[in-house]
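To begin, one chain is listed below as structure tokens, in the form predicted alone.
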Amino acid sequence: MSKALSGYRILDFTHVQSGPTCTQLLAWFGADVIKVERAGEGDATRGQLRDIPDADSLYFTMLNHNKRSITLDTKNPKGKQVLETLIKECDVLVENFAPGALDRMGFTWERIHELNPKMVVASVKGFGPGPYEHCKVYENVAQCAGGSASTTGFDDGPPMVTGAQIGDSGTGLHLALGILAALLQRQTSGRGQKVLAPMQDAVLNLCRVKLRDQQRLERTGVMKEYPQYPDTPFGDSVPRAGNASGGGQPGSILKCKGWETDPNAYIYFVNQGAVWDSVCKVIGKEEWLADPSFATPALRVNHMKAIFAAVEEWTKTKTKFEAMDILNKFDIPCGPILSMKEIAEEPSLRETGTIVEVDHPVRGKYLTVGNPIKLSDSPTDVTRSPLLGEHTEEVLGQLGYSEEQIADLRKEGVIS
């Protein structure tokens, strides 16, 4: 069975996380992704956070599956010639260099468009046009500049970044969507185009509910689903909301049996209005059903801290999985706080390909996250990340280089 992106060739000039996230996704869908790396060094993450000496790190392997790797000295004139040939033969060039780096290499948009008018050039940058567009950005910087950190954490503490890599991986996912849209438009226009995904913009897109709340706050001065209500006055910007739900339904993380020794013995509980009767019955608070001060969701907001405290007294008598089983029978929205160990050992995630075991010739077997997007007619086979320069000869041969030419390029240090 052919893959969704079979026939498309991607020139991968990315490194670290944001760009490789994008190109790995395209590779999972069947595109031929050719990762261009510096001879002798490669992607910086090959050596970062190593857990096995002299083996590619998990940081690298988990972001570069299903790709081919070539080494190339693009500062060498013959290396530039190879790169020009690749540009002519590929559909997309993806890069997450520092601002202006591609131009300084001599490959401006105009030059690339001259070599291949159909090429899509996709870039991750920290910021879009504006006062900070030339600044270098990393994951946590993007979270801070995109509005996430200021709205994460608890009201009496500092801003917090999230463990989810919404700046790097989140931007890579946005860029992949932009690339696919550009390829679709190329079918009718016949032209390639530039695709830009600034990290600040991607984070803000993922934080859109907070921009929604900023406007609500400016109009009403209060947001009743936030834990600050009704005891703490609101300021002029969206506050940190702790574990409150962003969707308007009151929610909180509550302790479960074993919380004293297990840092993840918790459950997320949503006090949805539609299941209020069931909540009262499950936790043994049927008297609330006849109490006029609890009669409507609008009235219950005034007592939400007491309600969650009562629910927590009940959840502390159950493990998070026991509480899940009981609450789900009544359609009460909830979810266990799963540790990375629990996720890694969950059989259902292995069965769906969300967690995949991969065998690497140097580091051996390791776990990785598989394709989070499932296509019925284009199933994903996760193959290992490439060794540095593993496919150099193969790719050059496909570009028309003879064995003698490849040998000469190696002698001159253009490839390794």
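Please read all numbers here as calculations on a predicted model, not as lab measurements. Each residue number is its position in the shown sequence, starting from 1.
Keep in mind the form predicted in complex with a small molecule is missing from the figure; the text below concerns it.
The small molecule in the predicted complex: contacting segment from 137-145, 236-244, 285-293, 268-276, heavy atom within 4.5 Å | Going by heavy atoms within 4.5 Å, the stretch is 137-145.
Answer with one of K341, R219, R208, R104: the residue that has a non-hydrogen atom within 4.5 Å of the small molecule in the predicted complex.
-> Contact with the small molecule in the predicted complex is made by R104 alone.
Which listed residue (A323, V94, L72, A202) meets the criterion of a heavy atom within 4.5 Å of the small molecule in the predicted complex?
-> Selected residue: L72.
The small molecule in the predicted complex: contacted by all of V16, E37 and K125, heavy atom 4.5 Å = The answer is yes; V16, E37 and K125 each reach the small molecule.
Any non-hydrogen atom of A98 within 4.5 angstroms of the small molecule in the predicted complex = A98 belongs to the contact set for the small molecule.
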